[in-house]
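Okay, so here's just one chain, in structure tokens, the form predicted on its own.
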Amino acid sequence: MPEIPAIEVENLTKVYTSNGKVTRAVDGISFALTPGTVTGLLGGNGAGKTTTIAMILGLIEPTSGHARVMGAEMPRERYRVLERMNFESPYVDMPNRLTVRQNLTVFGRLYAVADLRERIAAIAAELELSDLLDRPTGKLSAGQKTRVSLAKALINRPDVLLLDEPTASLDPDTADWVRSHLERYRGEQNATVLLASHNMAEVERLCERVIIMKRGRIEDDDSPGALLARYGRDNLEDVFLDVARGRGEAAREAAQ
């Protein structure tokens, strides 16, 4: 029996209409992610990455097409899988007046985490947050807030983890610490990770597959090594620039 994809999108489309103007934020994309893999979702601002993630999470209703997580149709069947997935982004703040412990307690209850007190203590120790648990979240530094956000994302030990630029605005040392922890978590949990990022070095390090989007469509989809060979480039940043600036076809032809 074929393995059910951890994430599957099929002809996924999201159309917005404003003042008579139609915008196709996501335009009929399809892909499937094998359980236990890490996939990078690349694209410039407005490429459709965040909208795609929101539809996979069940936060936005697709205009047409399908988004499925572990076989559950999103958002209609999201109740079946929400306890097994989570999301992290530095652009989504937790309530600043609540302490770290209070925030983790709220989210732990939302995800129906068993033995929540023990789980908070364990993940706080793991992410070096124990001394910060009773401090208001709004009083933390950017790096500390990122670790709290990561703790929230891992509180329920998710099988599917969606990350939207998880190391944005972090100093190199903290960013490397976050990446190392994500690598360790994926290995221990066999989790499936979908990572949207503008950091090409991060994508090359973490991802075994890269999906490149532009204007709501998928422009290319392959392993980092295969993409570098196809475009004749030494790094993913140059591949990204080729696609973003409309040089993709010429670069591919030159590399042949």
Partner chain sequence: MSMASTSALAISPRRVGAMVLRYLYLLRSSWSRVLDLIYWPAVQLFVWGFLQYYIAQNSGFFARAAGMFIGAVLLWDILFRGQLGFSVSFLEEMWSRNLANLMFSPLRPIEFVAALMVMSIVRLAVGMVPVTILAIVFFGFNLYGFGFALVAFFANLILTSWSVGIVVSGVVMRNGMGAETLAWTVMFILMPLTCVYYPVSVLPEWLQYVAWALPPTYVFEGMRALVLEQTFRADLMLAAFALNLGYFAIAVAVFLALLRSARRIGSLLQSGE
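Positions refer to the first chain, counted from 1. Keep in mind that this is a model prediction, so the values were computed, not measured.
Keep in mind that the form predicted in complex with the partner chain is missing from the display, and what follows is about it.
- Comment: the partner chain is not present in this chain, but in the predicted bound form one of Arg117, Arg184, Lys139, Arg109 has a heavy atom within 4.5 Å of it, namely Arg109.
- In terms of contact with the partner chain in the predicted bound form, the residue from Glu165, Glu73, Glu83, Glu126 that brings a heavy atom within 4.5 Å is Glu83.
- Considering the partner chain in the predicted bound form, the lone stretch of 127-135, 140-148, 95-103, 166-174 in range is 95-103 [heavy atom distance within 4.5 Å].
- Proximity of Gly58 to the partner chain in the predicted bound form: non-hydrogen atoms within 4.5 Å are present.
- In the predicted bound form, Met213 stays away from the partner chain, with no heavy atom inside 4.5 Å.
- Although the partner is absent here, Ala54 sits close enough that one of its heavy atoms falls within 4.5 Å of the partner chain in the predicted bound form.
- Contact check for Arg179: no non-hydrogen atom falls within 4.5 Å of the partner chain in the predicted bound form.
- The partner is not shown here, but in the predicted bound form the stretch 123-153 reaches within 4.5 angstroms of the partner chain through a heavy atom at Lys152 alone.
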